[in-house]
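Encoded as structure tokens, the following chain is the form predicted on its own, with no partner shown.
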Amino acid sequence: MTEFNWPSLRVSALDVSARAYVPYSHYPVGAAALADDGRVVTGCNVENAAYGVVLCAECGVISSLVAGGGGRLLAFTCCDAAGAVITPCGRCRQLLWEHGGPDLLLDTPSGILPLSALLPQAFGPDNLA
């Protein structure tokens, strides 16, 4: 397994969690990922009064990746405002699959795992070919 600077990614996620817009849940989340070109992309959750249209921190990471020129994610972490590592929801796992694939390494409360362990038998672009 390739080694990544997980502590640095965790700090980036914690830093961006302080900028989350969470007037309803009061649960800030920050996420950070390493792209294949060496960029660290970050995102925070952005709530909305219409709860169903909340943007998760992972959405911000993907938006940052694409807006910065695209690429593939290699390593990903997500944390709450206290810095505790949290696991992406199912919707966000699907987003991460699209931009990192089965080998994307995720920082989880259980340790570093490939995305394929958190989203087995995933549906992706290859299914549409």
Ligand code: THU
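Please read these numbers as outputs of a predicted model, since none were measured by experiment. In this text, residue numbers run from 1 along the sequence as written.
The next section is about a form of this same protein that is not shown, the form predicted in complex with tetrahydrodeoxyuridine.
No atom of tetrahydrodeoxyuridine lies within 2.4 Å of a backbone or C-beta atom here once its pose in the predicted bound form is superimposed on the site C-alphas of this chain, so the site counts as open. Heavy atoms of Gly100 never reach within 4.5 Å of tetrahydrodeoxyuridine in the predicted bound form, leaving it off the interface. At the 4.5 Å threshold, heavy atoms of Ala57 reach tetrahydrodeoxyuridine in the predicted bound form. Among heavy atoms of Ser25, some come within 4.5 Å of tetrahydrodeoxyuridine in the predicted bound form.
Mapping the unseen interface onto this chain, Cys89 counts among the residues with a heavy atom inside 4.5 Å of tetrahydrodeoxyuridine in the predicted bound form. Comment: 48-56 is the region of 63-71, 48-56, 33-41, 100-108 lying near tetrahydrodeoxyuridine in the predicted bound form, near meaning a non-hydrogen atom within 4.5 Å.
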